[in-house]
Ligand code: UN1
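Below sits a lone chain in structure tokens, taken as the form predicted alone.
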């Protein structure tokens, strides 16, 4: 299959460079999906300047104008869900149903924020002083730098770009190097939907080259980033020098508690889908299974049986449960953590590199038994199809283990006890809590984010997006003032 070359889009113009980077299909290493022309710092600076120039005009558009652009773009994304889903599966490795579902989610996000743009976002108040009127309005912050990861190559860009534009900001967007195709298509759709020149720019570059510009340029007012804890800490430090607004979504080490009173069938599906869906490459994936004594043996036996029928293969092949790991580096990381687990006394079931009809990064899901909370695999994020198991005596001990995580993004519990479910909702230290549901399933119209090392700054998505993408202005008026 032939590939095409994608370039950065700055002020509505295609901007190439001297270096190209292939986007390789992890299901077939001989298949180059697209080739991206790698931008440098000069291109990134030009993109920031274009966004700054476009800001005054876009920020003064009416809510209706902004809503129409987002709604048109959302309609095109949904109409092309099969085509874009195929592209996403090919470049990232999600199964075709997962990839198509992500594309649909992106279209829904665009349409949701089209509606948000039309909603009132201010207040009219009475002053404590007689005869004075007070208004509190929300205004766009300015140029927003958006940096996204490879694991959700169209949904995460959509849930950052859509609110940024809905509230009147302009954008410089850098997608992950591994997955430029889906991101570029989203930007192209939005620009053709009616955005003015420069309102949305995409920079296809390496973080080491363009990152300093996208985090340090004085013209940037806000930075929203999803990625590793280490990179996020660096961005926060760089942004502090110019006091930029920062929103970080970082790692997640997410526990799933299974209590003695859980429905066994529900618990198995919750664990399997939450841990191995999307090849475990989700910051919300269940990575530590905390199981009480009474159900431990039956649960592990049922999970092993379910894993034995779990099919790994080409992401676009029908009947596949799990696609490949995204690239060689991530596969190496997964295998390294499994070796560490073995060295620390864990028993690994699965986690084998396998061959399929085409050369790819295929790894079977892994279950690691006999671990304790102190083991490395229970403290650090693997970001792969790896589920470690901690056996505990009771719910109280399970809760303590679950709350020991420093990356408190999502936490789950399987129980038929209303008392335990209610207690866990209150006592969990995670930013999101799931009861009898996978830790990885979230909606786009409610706040998203964690605690501890997992997140920093205002929450993403839903009504929470207003806090990051706008700033408030309070005005006092004496009626009749000339």
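Keep in mind that what you see is a predicted model, and the values were worked out from it rather than measured. Positions refer to the first chain, counted from 1.
From this point on, the text means the form predicted in complex with this ligand, which you will not see here.
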So which of 451-459, 28-36, 45-53, 436-444 is the stretch with heavy atoms within 4.5 Å of this ligand in the predicted complex? 436-444
Only hit among 226, 378, 215, 221 for heavy atom within 4.5 Å of this ligand in the predicted complex is 226
Could you work out which of 368, 156, 144, 258 is the residue within 4.5 angstroms of this ligand in the predicted complex, going by heavy atoms? 156
Heavy atom of residue 151 within 4.5 Å of this ligand in the predicted complex: yes
Interface membership of residue 199, this ligand in the predicted complex, 4.5 Å heavy atom rule: no
Is residue 95 a contact residue for this ligand in the predicted complex, using a 4.5 Å heavy atom cut-off? no
Does at least one non-hydrogen atom of residue 284 fall within 4.5 angstroms of this ligand in the predicted complex? yes
Using the arrangement in the predicted complex, list in sequence order the residues of 104-122 with any heavy atom within 4.5 angstroms of this ligand. 105
